[in-house]
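Here we start with a single chain on its own, the form predicted on its own, put down as structure tokens.
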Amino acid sequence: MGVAHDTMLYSYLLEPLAGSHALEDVVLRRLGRKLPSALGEAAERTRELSALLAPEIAREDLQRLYEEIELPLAAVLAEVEAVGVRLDPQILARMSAEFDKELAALTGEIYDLAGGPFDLDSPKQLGEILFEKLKLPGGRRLKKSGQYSTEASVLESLAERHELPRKIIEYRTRAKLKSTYIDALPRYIHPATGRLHTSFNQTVARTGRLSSSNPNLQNIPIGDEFGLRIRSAVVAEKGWLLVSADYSQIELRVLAHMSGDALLIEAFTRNEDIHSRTAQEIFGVPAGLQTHEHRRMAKAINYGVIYGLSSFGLAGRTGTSKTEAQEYIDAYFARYGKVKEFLGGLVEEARRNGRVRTLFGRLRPIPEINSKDVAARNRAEREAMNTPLQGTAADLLKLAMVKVQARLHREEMHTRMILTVHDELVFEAPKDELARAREIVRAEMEGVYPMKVPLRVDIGVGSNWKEAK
């Protein structure tokens, strides 16, 4: 039996920066004509398109990525969407009432700090209070409207100086979570199944990551109080439990594998705390004497390197000066020399070929890598460094989804995959299958691909997603 031809996936792999991979758009872009309305003619255009794109997939060395990851993943995602997740609307209703009270209290505090009431949803009024009434520094007027910018980055910089912008950030965060998730999610519960069925988008993210829509579950905050409260409303069926399987520091492990840096490989092989190890290497402080601040700074440096942060960007994340941040970056690369060589090599590859690849061959064009505009070129260099790491992590997760689902089917398990968010897979398992389900998930996720460092998965179990997480 031959391999199926999916022109949408072909288009996505060949042109990940394209705005759309819908059939009519690809036909117009590649064949220079509109998709006919008559079914017979449309089928002929599709065959013509497939005959054009399939050889390109082979020439670009994307065949294995297509056949072993993207094509089988499409079937897995269809199953996950069909199963859906169970929500408890009563939990969300109680949460909505709690958020109303918290927002009302926050509003009162904000009015007190501002010296009187104003429209919290008006950037114009907020800007005038911050920069004219309170005389806070850094006011910048927008060219189009003439009003002060009150975007998140502006408020975050001001929050170090005054409590009002801190409270505004908190208010905006809670208000957005309430409108986007707490109040909106119940409307997505299907009347026939009683479950929420999000749509996973396989051909959107340029790095290869999955996204979701109707509703978007990818943006539920990770690791904070508000995100956990929302996750508590995702519950298991009676007699079942949720199993959360989350890759631990997968992008840093990918960095160790792809760079071949001996120190990083050693740290992960010994199952050391990588942030503690970096703190020891850079600050010279043994693990037993490190403070929370040492580890926080080391974590910011580790992930800052992945995202290609400049000294300015790292200074913003760590609260240090630009000079100190540059010293940290220099110290990091002095200890992890192979990482510096590897990242520099990615930038050179992008300059030479106009694109970079993941470990599995996924392409990412970097069109602005040789731009004369400094800001655009710097942004392109960061993309060149980050995409192979983030994209490889995405490929590993996708391959894990394919392998776990195949194993569950092969062993005729009732356990079902219900959700994926970032580096995490969530399953719903009957209680009598729990032990076996955990074994299968761990084995397939940690053994998904031979790496120079071990992949680690944190597995949690609970009656709801918060408990499992």
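Numbers follow the displayed sequence, beginning with 1. Take the two forms, find the largest set of C-alpha atoms that superpose within 1.5 Å, and that set is the rigid core. Computed from a prediction, not measured in an experiment: that's the story for all the values here.
The following text describes the form predicted in complex with the DNA, which does not appear among the structures shown.
Contact check for N201, R206 and Y307: all three have a heavy atom within 4.5 Å of the DNA in the predicted bound form. Only one of T107, S96, S371, Q125 lies close to the DNA in the predicted bound form, with a heavy atom inside 4.5 Å, and it is Q125.
The listed set S211, Q290, S157, S232 contains one residue whose heavy atoms approach the DNA in the predicted bound form to within 4.5 Å, identified as S211.
The closest non-hydrogen atom of I274 lies beyond 4.5 Å of the DNA in the predicted bound form. The DNA in the predicted bound form is approached by P215, whose closest heavy atom lies within 4.5 angstroms of it. Contact annotation for S179: at least one heavy atom lies within 4.5 Å of the DNA in the predicted bound form. The closest non-hydrogen atom of E151 lies within 4.5 Å of the DNA in the predicted bound form.
Considering the DNA in the predicted bound form, the lone stretch of 157 to 165, 84 to 92, 110 to 118, 179 to 187 in range is 179 to 187 [heavy atom distance within 4.5 Å]. Residues of 337 to 363 include none with a non-hydrogen atom no more than 4.5 angstroms from the DNA in the predicted bound form. With the core superposed, A298 shows a C-alpha displacement of at least 2 Å between this form and the one not shown. With the core held fixed, S145 shows a CA shift of 2 Å or greater between this form and the one not shown.
In the core-superposed comparison between this form and the one not shown, the C-alpha atom of M385 has shifted by less than 2 angstroms. The distance between the CA atoms of K338 and A298 is at least 3 Å longer in the predicted bound form than in the form shown here.
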